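Each of the two blocks below gives one form of the same protein chain as structure tokens; they are labelled structure 1 and structure 2.
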Structure 1
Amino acid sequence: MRTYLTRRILQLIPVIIGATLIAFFILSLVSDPFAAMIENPKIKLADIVRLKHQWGFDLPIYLRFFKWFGSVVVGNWGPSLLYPGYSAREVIFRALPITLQVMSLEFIFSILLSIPLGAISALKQYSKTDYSLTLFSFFGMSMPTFWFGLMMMIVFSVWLKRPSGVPLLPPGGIQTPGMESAAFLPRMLDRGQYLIMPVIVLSLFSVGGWVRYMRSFMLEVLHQDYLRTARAKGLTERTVIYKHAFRNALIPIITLIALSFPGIVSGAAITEYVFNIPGMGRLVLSAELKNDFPTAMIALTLSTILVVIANLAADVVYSIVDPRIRYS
């Protein structure tokens, strides 16, 4: 088990480097960080010249990559051009917790919802429940995330109002001004109001797909010989389903969930944009828009690492659920 994990981690390092390299090349094509700097009166020309050298802009691109990579590894992430006066590190560590909050909520919510629903759909194949769940999942898979976000806003922020005339749910942002210093519970309740819509919007797509896949994995398992064996042993139907079928259907769904992780990160970016949430996704998009190369690069790298870590976590869970992996 330990050697297996070590091997997997070692395999992931080149993936992270490769992904960063691709991102670096594409972003280098896009943005000239110095264009923005020259326009920025707060940055002195001498600094720009110094930075040009420091970031390797006097070098060919592949060498520049290694120079950049080296300085990132040692923790020198450069200044944020988007938020002058702040370092990229500060900007990112302000955005990262928010994104992690949104994504982990969406992740837990989606898993808790889609796995049972998919299993029910399979167990009641061709019933009304199954058809409704199928329709629901197609609805989720076919709905463009950003548009669904806009629809939610129209319903919950424009049409539905509280008696006081305030929208039922805030159409964007992350916190009511003035709540920063409130006590923990009210602050969380306030945060919750802002997160409900983004989390639902972001979940819909995952849930739609996962329900559908969980259903088909479960159906596949339900036709396996070992379920017939389990029934021939005289086990109760409960045991047959929950112990023997469900556990096996979880194995492929774990892989699927891991594979959909980059999609969730992408989805989070556009959801944050729609709901004006100051998270990483929004940060990447605006950094790209504003030629903030250092911030965009770091944010992309961190997102990639997030994806890679999620894949690793899936591997671990996988090896726990499937004994065939542990020993191979």
Structure 2
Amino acid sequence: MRTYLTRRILQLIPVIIGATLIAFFILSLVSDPFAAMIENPKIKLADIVRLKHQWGFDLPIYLRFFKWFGSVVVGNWGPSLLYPGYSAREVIFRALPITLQVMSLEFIFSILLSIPLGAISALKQYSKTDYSLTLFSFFGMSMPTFWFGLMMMIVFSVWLKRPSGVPLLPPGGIQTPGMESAAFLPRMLDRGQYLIMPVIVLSLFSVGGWVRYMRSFMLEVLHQDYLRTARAKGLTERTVIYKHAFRNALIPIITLIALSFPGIVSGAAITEYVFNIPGMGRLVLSAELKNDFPTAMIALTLSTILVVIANLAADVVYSIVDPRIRYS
């Protein structure tokens, strides 16, 4: 395993560089951070030329990539054009903790809910429970997140009120003004009420899809010959299901969960916009719309790194779930 991990980690380096190069090339074609400056009569052409030279935009694209990549490696991520006076590093690390809180809760909640529901749906195939879970899954997968988010805001922030007349849940934002300096527990409880609706909206889509996948994988395993052999050997149905069928059905869904992991950092732009959450998803979307090349490129790079790491983590988890899988 150690040899395998060392080899895979070394392979990640050219993969990350290659994927980042492609993202850099595509973003360079669709994003021009100087377009707005040229249209602004208050900015002199000489200043634009100076900035292009300072940021390396007067170089060929391949030389510009290596200059940018070298700066990123040493920690110089460039300025943020979306937030003048701040660097891309400051802007990203201000939004990243917020997205990590929202998406981590959504990720954990989705896994804990979808895997057992998918297994129950498969074990009770064609029953009322199965049909109900299937209906719930299709509802989750087909429901537009922005519409469902707005409906939740109407119900829990407009219709339902506390005895004091305050909305049951805050309609948007991430924290009550003034709570930043409060003690840890009150601050977390205050933030928790802001996270309830976004987490539910994001989880609904993930749970809907993962329940269907888990049901499909579980049904496929339940019809395997080795389960009939296990039953013929006298093993209890509980042992057959949980020790043999369930663990083997988890193997393919691990890949789906691992590939969803980078979403923890990239965030969900639409949901963050609906609930006015200053997270990574909203930041990346704003950066791309406003031609903030340094910020958008750093966010894409972080997502690329997480994708390749998630694939490696999935391979390691395979060997934990299924002892038959061994790497050398």
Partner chain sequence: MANELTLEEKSKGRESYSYWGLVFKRLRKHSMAMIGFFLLLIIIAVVILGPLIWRVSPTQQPEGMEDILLSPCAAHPFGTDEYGRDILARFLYGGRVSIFIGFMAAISSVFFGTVIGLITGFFGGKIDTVLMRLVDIMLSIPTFPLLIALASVLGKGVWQIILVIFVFGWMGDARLVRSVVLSLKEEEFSEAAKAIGVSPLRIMFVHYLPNVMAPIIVSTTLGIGGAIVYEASISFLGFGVQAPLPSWGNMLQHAQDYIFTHQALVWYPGIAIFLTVLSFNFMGDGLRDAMDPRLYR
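Please note that residue numbering is based on structure 1, beginning with 1 at the start of its sequence. Throughout, rigid core stands for the largest set of C-alpha atoms superposing within 1.5 Å between the two forms. Note that this is a predicted model, so its numbers are computed, not measured.
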| query | finding |
| --- | --- |
| Structure that is the form predicted together with its partner chain (1 or 2) | 1 |
| Is_shifted residue 274 between the two structures (CA, 2 Å cut-off, rigid core) | no |
| Shift of residue 84 between the two structures at or above 2 Å (CA, core fit) | yes |
| Angstrom displacement of the CA atom of residue 7 between the two structures, core fixed | 4.0 |
| Shift in Å of the C-alpha at residue 45 between the two structures after core superposition | 8.3 |
| Backbone CA shift between the two structures, residue 293, after core fitting (angstrom) | 2.8 |
